[in-house]
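In structure tokens, the next block holds one chain alone, the form predicted on its own.
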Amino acid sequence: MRAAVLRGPGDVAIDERPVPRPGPAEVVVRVRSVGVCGSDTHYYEHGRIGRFVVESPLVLGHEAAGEVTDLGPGVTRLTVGQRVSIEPGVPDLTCEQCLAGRYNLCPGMRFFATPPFDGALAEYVVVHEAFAHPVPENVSDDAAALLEPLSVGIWACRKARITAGDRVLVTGAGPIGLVCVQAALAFGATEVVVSDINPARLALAKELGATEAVDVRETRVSDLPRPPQVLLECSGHAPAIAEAIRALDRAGRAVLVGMGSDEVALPLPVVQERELELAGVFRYANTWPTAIALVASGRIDLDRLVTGTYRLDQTEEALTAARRDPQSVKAVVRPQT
């Protein structure tokens, strides 16, 4: 099979590798769609993200979907030919965090495209059967792949305890911000304000249901007529984070989703005097059933996020699409084309 392999910063090559064979409780998936994430682009450009360093050739891609082609010993949940969305992190299932239901915090997590574990930009991958989720026929291959970023949005909404009638501010209208908009509405929010500096993405946010789009080059989020009760911070931009926290209502809840600056100046008097709650999110846990239901029912549109599709041998073009085109939102690689 073919795989797109990152050999170093700015260096991706198509390699020939053996088709993987499944072990006990594993299945082989013929990959049909892989979304390009900001983390993939960061590894491509810099060869590292924080403490995770690409020290040997690495297959990128962790937003993936495809079709089951082979079953390992003991597989009972899936059959050959089933279409599945891949949950890209497999925990050890035995540590304290896993046993408490927080498997996203498992210290032994094996996560696609996080060194040293290969990802899904290949024609075939192996995954544990419990993390290959069947999808109905009305969910496209691209949408099935993008259930992964949607899961981040769902997890953020759960952490923020969004419920009926909430006023929500989403800072950053990139792919994660746009799924957070839709997830917040699905969770019951009645006001969802989105801020960004990209007019095309703000327009898309409105199309996807945002009640207001704010260009922060012209308007400060702290000047909103009604302060939001919830902040979903998806920009990772330090000044934006501080400004958005200042915009929150008393007893507001802030969830930091975007990854950017290593350190952020916190407006501590605002946090204390308003008794704000701050939480981080790291991936997700037990989100796929909800994500599948929301997309299959039409409550959330993931296909609308796709702004470019690429062959496997065009992986570098997909990785650089956002840099080249300000209207790009989500690039998708289709390894079988």
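Predicted model, so just to flag it, every value in this text is computed and none were measured. When you see a residue number, it is the position in the sequence shown, counting from 1.
What comes next is about the form predicted together with another copy of the chain, which does not appear here.
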Original post:
Any chance Arg250 has a heavy atom within 4.5 Å of another copy of the chain in the model of the complex?
Top reply: yes
**OP:** Examine Arg201 and determine whether its closest non-hydrogen atom to another copy of the chain in the model of the complex is within 4.5 angstroms.
**Re:** no
Original post:
Using 4.5 Å between non-hydrogen atoms, is Thr219 touching another copy of the chain in the model of the complex?
Top reply: no
**OP:** Mark Asn286 yes when one of its heavy atoms lies within 4.5 Å of a heavy atom of another copy of the chain in the model of the complex, and no otherwise.
**Re:** yes
Original post:
Are Val68, Val135 and Arg324 jointly within 4.5 Å of another copy of the chain in the model of the complex, each by at least one heavy atom?
Top reply: no
**OP:** Go through Arg48, Arg30, Arg311, Arg274 and name the one with a heavy atom inside 4.5 Å of another copy of the chain in the model of the complex.
**Re:** Arg274
Subject >> Single option in Val152, Val84, Ala213, Cys106 placed near another copy of the chain in the model of the complex, where near means a heavy atom within 4.5 Å >> reply: Cys106
**OP:** Determine which one of 117-125, 136-144, 170-178, 189-197 lies within 4.5 Å of another copy of the chain in the model of the complex, judging by heavy atom distances; exactly one does.
**Re:** 189-197
**OP:** Within 4.5 Å of another copy of the chain in the model of the complex, which residues of 268-307 have a heavy atom? Give them in sequence order, or say none.
**Re:** Leu268, Pro269, Val271, Gln272, Glu273, Arg274, Glu275, Leu276, Glu277, Leu278, Ala279, Gly280, Val281, Phe282, Asn286, Thr290, Ala293, Leu294, Ser297, Arg299
